[in-house]
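Next up, structure tokens for two forms of one chain, structure 1 and then structure 2.
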Structure 1
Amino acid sequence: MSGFQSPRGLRDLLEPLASAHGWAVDRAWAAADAAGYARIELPFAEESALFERAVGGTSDIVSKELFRLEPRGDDAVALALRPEATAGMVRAYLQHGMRSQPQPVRLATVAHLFRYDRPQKGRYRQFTQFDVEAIGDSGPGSDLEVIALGAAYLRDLGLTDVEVHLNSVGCATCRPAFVALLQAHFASIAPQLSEVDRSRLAANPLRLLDSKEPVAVAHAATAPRITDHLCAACASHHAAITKGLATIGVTVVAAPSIVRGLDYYTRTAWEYLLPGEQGQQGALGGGGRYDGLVELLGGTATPAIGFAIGIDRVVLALEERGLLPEHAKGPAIVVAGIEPESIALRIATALELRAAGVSARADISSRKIGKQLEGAVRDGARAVIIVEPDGRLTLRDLTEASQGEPAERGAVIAAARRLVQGKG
């Protein structure tokens, strides 16, 4: 053993997970392309201050989970690895003057993110998100479009029973009154609340709704629901979304416990969950409307909405359900040879096969031909091409256990191609 191992929370993806992960990422880009969302690739690091502003300096994500980079030389600004993608998205929107494009600006990315968190299954220090944002539209249409896009992505991967757990967190007009109402509801049992919950009661009462403490959970059941206390504008927005999702055919579950801690979040908040395995790994993804963020980062007031779906969790869910796509096996053709001197010729032949669109690899060993055949079988190859001492080639069909006569290169390669492609 080498003595080195991957650092905590940072893992290697081996097959078949590596292929599955890549597949889920490819499908994410494809889903974005198909919906007319522009691809954007963002840097892995940004100014720390961007995250402190966008995510909130007191949030866990910034206060204890940020991977801060050691400053070097005369760097003017402190940098950090990105813990989420939205901040960079909005930064890019502002930096590149996208407000002069038709609104909303539709952007999508697949981002590798970093959080200095305590790892668990489905939670790693480096993870990947499919991130979609529609910036510049305040109507319920952009909510519907974005929510449906995420749900369709998950459904198309095979997670056909995704549920959208939906809530509204109101706006600056209606939320303060509701928070006060909520505070009053919990104040009556304050002495029985746990210490964390009591501090939440003072600092962020909405969080009481998703507390895990039994006392708070019990009391939350009878708590007022924000969706019953929205202002007229928020209420009609929320109603339009609920109705629209029904039309679109998305399974919706009302989820009054979905809350967001920061002021710039407004109205729609949702999570993508799978029934049956809710809990431990949390949601597959989540999204929300953040009408206050662009302005917070220095732009003019601009409404926006987006979601992030955790690719790692998606792959985990697919794996647990046996829905991972069969990953590509070995090459269709293995080029073997009788004599060690033929190794270069074997490789040249494999190259030619690939150029002809047939996956192939050469057996580069000096093993006996029997061992080479055995290796080809184990690799799942369809056929073997044997390089004869005279340089001619013999095609052997491994499925039929039949073998042709030695022939010239072009003819054998063409035959191999027919064999492989004919099989489909």
Structure 2
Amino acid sequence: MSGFQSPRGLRDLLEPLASAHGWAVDRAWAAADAAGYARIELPFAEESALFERAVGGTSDIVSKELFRLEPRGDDAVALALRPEATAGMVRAYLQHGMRSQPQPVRLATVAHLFRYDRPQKGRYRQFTQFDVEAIGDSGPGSDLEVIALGAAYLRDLGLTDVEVHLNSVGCATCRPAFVALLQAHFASIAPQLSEVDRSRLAANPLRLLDSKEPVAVAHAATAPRITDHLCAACASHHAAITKGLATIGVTVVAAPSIVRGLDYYTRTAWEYLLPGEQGQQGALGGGGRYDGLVELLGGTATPAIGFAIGIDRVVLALEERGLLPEHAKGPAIVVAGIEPESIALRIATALELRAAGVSARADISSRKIGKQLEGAVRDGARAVIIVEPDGRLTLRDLTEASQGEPAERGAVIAAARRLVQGKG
């Protein structure tokens, strides 16, 4: 055994999780395609400044979790591995002049992301997210479309009882007054708060609502709700989304503790959770409206909304519920041979079968034919084609334990196709 191990927080995906992961990714792309979201592939690294501006330089993601790349040679631009996809999506929207296209511009990606975070269940330093963004529309219709798309994707995978935990974080008109109320609510227990939460109280009181510290959690339970302090426009927007999701058939749970701490987030914020789960650790994904981000990154004021769903967490939830799809099976046909000289013909036969739509593997060993048959059974093969010394082929049906007579190549390959494809 090698002395090398996969780095902490990074992992190998083996069967059946590898197939389940690939299946969930394929279904994500299919869901986006079906809804008319254009595919986009983003680079693994961006300028560090992009994330510092978009995510916030004082956020944990940037200050503690960013994988920074050291500039080399003439490249003086500081780069970082992407910790999330939205910033790159907005950068691409601006760079490629998508403002001139019909709005909203609908974009989707499945991206490998990287955060130097403490590894734990469902949380890795390399992870994969299904990310959807609708940029250029401020109406509640975009909110409904995006939220419903994520919920439908999860239900389609088998997580049929997924819930949307929904909140509104207001806007620049109504949020400042609510923040002042929240600050006053927590001020009386400021000495009891942790050092981190005391800094949040001073700089960003909204973040106290999603604190994990027991003192803050207990006091948050009696905190004022932002949905009770929305301006008329935000209240109308939130009501339209709540009513619309009910019409669509999406289960909605009011979640006043779901917040987005940065100023460019407005109105809608939500998470996808399964019954009994709560908090970021239990969320399969989430999203929000970020009407101020495009302008923050150098564009003109442009409304936008999107979600990210963690593929790793989705697969974990499927595994815990016994809902993993059947992983990739072995070949339908194994091509075996008696003579070592027949190896090239075995491979050629397997290639011809695969070209005809039949999964096939050539046994290229020099083992006795009995051992090759045992290997085919172990692989779950439906049949074996044996290359005889005279070049003819023999078809052996492993399910029926029957074997035909040696015949010409074309006839045996056709018979194997019919056997596997159920055509008699």
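Because the structure is a prediction, the values reported are computed rather than measured. The first residue in the sequence of structure 1 is number 1, and each one after it adds one. Note that the rigid core is defined as the largest set of C-alphas that superpose within 1.5 Å between two forms.
One of the two isolated chains is the form predicted on its own, namely structure 2. In the core-superposed comparison between structure 1 and structure 2, residue 217 has its Cα shifted by at least 2 Å.
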